[in-house]
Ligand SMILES: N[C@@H](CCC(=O)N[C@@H](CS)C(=O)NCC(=O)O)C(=O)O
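One chain comes next, on its own, written as structure tokens: the form predicted alone.
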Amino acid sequence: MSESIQLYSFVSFDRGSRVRWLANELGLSIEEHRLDARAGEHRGAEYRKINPTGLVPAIVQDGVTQFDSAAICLHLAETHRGAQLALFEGEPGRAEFLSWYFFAASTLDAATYPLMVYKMFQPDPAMLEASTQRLMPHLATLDRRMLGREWVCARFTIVDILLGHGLELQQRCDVNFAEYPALAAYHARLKARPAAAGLFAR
């Protein structure tokens, strides 16, 4: 398998940054393809051959296309098992890993997306505050999880990458982690990883 991937995204900090971070952890090189969202390039026939949903990110590796950042990250972790960035079938903690992974990819991501909409695309302070309040129970859950722990699972995994991206986006949407010190410390550890360097630049 090639140690290089072609990555299609919009900007430096979208869900494509999850793939960039993982690629850095794995030592993979990336050939960037930035799509022009305003021009609707992602809706064109050429890009839909790569990603039929017309969303980002998507990758091409060895002529094989894949879309959805969570699926991409899981696939890359599984095809680079030596890096130990997932808990694999038959390994203790696999079920717990999957639960937290899909919590990050679905539940937390779905709760975070409205913040981005009401902060960046359709500014609405009242809706932003309401969305933030709906997010808080999930942050409390994560804060409890991180008490006395370095990473969500037994070691650093793609769960932490997805959560790190989500937490950073929340902070950019004015979410304050002051009530959740264990979560705030976890977020700081994630941003300090060498493979994450530069990915969160504003």
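Note that the coordinates shown come from a computational prediction; the quantities given were computed from them, not determined experimentally. Throughout, we count residues from 1 along the sequence that is shown.
Another form exists, predicted in complex with this ligand; not displayed. Remarks below refer to it.
Listed residues 55, 136, 26, 50 were compared with this ligand in the predicted bound form; 55 is the one with a heavy atom within 4.5 Å.
Judged by heavy atoms within 4.5 Å of this ligand in the predicted bound form, the contact stretch among the candidates 26-34, 55-63, 150-158, 172-180 is 55-63. Among heavy atoms of residue 68, some come within 4.5 Å of this ligand in the predicted bound form.
Contact annotation: residue 43 falls within 4.5 Å of this ligand in the predicted bound form, judged by heavy atom distances. This ligand in the predicted bound form comes within 4.5 Å of a heavy atom belonging to residue 15.
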